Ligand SMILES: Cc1cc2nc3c(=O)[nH]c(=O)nc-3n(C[C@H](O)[C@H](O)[C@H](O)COP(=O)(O)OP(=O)(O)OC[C@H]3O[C@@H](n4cnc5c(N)ncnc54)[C@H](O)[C@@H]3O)c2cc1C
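Presented as C-alpha cells, the chain that follows is alone, the form predicted on its own.
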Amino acid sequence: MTKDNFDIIIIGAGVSGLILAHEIIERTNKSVLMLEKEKKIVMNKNLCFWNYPRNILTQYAENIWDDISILINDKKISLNSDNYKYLMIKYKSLKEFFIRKLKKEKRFKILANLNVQRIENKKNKISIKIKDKTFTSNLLFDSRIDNKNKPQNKLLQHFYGVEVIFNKKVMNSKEVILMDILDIKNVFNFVYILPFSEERALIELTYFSSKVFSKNDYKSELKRYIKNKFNKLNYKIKSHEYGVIPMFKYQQPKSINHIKIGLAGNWVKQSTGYSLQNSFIYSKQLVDCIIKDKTPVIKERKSSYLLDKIFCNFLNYNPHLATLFFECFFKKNNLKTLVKFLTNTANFFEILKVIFSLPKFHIIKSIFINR
C-alpha cells in the first residue's frame, strides 16, 4: 500500500464516518483514509440515544435518565421502565473515543483541515483531488450533503437550545422531559429538557415546520419560556446549540462505489431526528456487504419508511392536531413499545398497536399524501 492509495476513503469525521471507520477496521483487513474539512471540533453538541439496542457507547454514556416524562398543557405523562433508559454522550467525547481507538491501527489514517476539490470515478476506481495531492480507493463513503438535491418546502426539525446554570436547585436530575408541548396551533413546537444536575440543564426549543426562523426568534421565545417555567430565577448560559434536521429523504447517487452516509445518506430517522443508533446498524450492514464482496447497500425496513412518511405528513398538514397525536402516542403505549418503535426494532404487532393508538382518520389520510 502506498501512502496515497487506500481500500476505502471516508469523507467526514462526524458520527457516521467514525462509527463506519471503526466497524471497517474492527471487522476487515481493509485500509481506511478519513478526510475531514474542519481543523478542530467546532461544536460540542449533545448526542442522545436509548440503551436499547446496546452499542459500544452504551457503557460510556455521560448521563443516564431513568424517568421519562412528557408535559402537555402542564399535565405530566410519566414513562418508566427498569430496562429502558435515556442516555447522552457529548459529540466531543464520542469523537475522541473513536479517533483514539482508530489511531492505534496502522491501516487507518486521518487528515484534517482539507477540503475536497474534485472526485473522479473511472473504471470502479475513485480519485479524490485535494490541493496538490490525489488519493485513490476502491470505495468511497461520503457524508457531504449535496444541496442541489435538497427539495423545497419540506418538513424540517429545527431547534435552538441553551445549557443553563440556575442559582438554585430546581431540576429533577433523574428525569428527562422529552417534550413540554406548547400547543401553538399554527406550527408544532415543544421544549426538550435534559437535566445534568439539580442546577444545570440543557433547555431546547424545537419546531417542526418547513420554515426556519431567525436565531433571535428562538432566543426570545426560549427566554420567555425559562422565565415563566422557573419563576424568574437567575441563571447563566454556559453554551448553546442550534441545528436543522431534514424530515425527508435526499436522493442518492447511482453508483456502486460512491455511497452517501450520515445525514446525506438518510441515516437520520425522519420522524425523530435521531441518528446514533442507525449509524451503528447501517455501518454493520455496509461492512457485512464488504466482507461478502458485495455492493454495499443498506436494507431499510419498508414499514419504518411508511411510518416515518405518515408521521411527517401528519405533522406537515395537521399541525393543529399534533398535541392530540402525541397525547395518544405517549398515553396509550408503554415505554418498551415506544422505544422499540422509535428505534425501528418493533415487531409487526407492536407497530400495529402504536398505529391503532393514534387519531385514525387523520393517520389514514396521511398515508395517501404523496408530496
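Predicted model, so just to flag it, every value in this text is computed and none were measured. From 1 onward, residues are counted along the sequence shown.
One more form of this protein exists, namely the form predicted in complex with the ligand; it is left out here, but the text below deals with it.
A heavy atom within 4.5 Å of the ligand in the predicted bound form is found for exactly one of Phe248, Tyr274, Phe98, Phe166: Tyr274. Checked against the ligand in the predicted bound form, the candidates Glu62, Glu26, Glu38, Asp66 yield a single residue with a heavy atom inside 4.5 Å, and that residue is Glu38. Among heavy atoms of Leu182, none comes within 4.5 Å of the ligand in the predicted bound form. Using a 4.5 angstroms threshold between heavy atoms, Thr323 stays clear of the ligand in the predicted bound form.
Among residues of the shown chain, Gly14 is one whose heavy atoms approach the ligand to within 4.5 Å in the predicted bound form. Contact between Tyr242 and the ligand in the predicted bound form is found at the 4.5 Å heavy atom cutoff. In plain terms, the part of the chain that comes close to the ligand in the predicted bound form, with a heavy atom within 4.5 Å, is 275 to 283 out of 74 to 82, 275 to 283, 226 to 234, 100 to 108.
Site residues Leu156, Ser209 and Leu307 are none of them in contact with the ligand in the predicted bound form, judged by any heavy atom within 4.5 Å. Of all the residues from 66 to 80, none has a non-hydrogen atom no more than 4.5 Å from the ligand in the predicted bound form.
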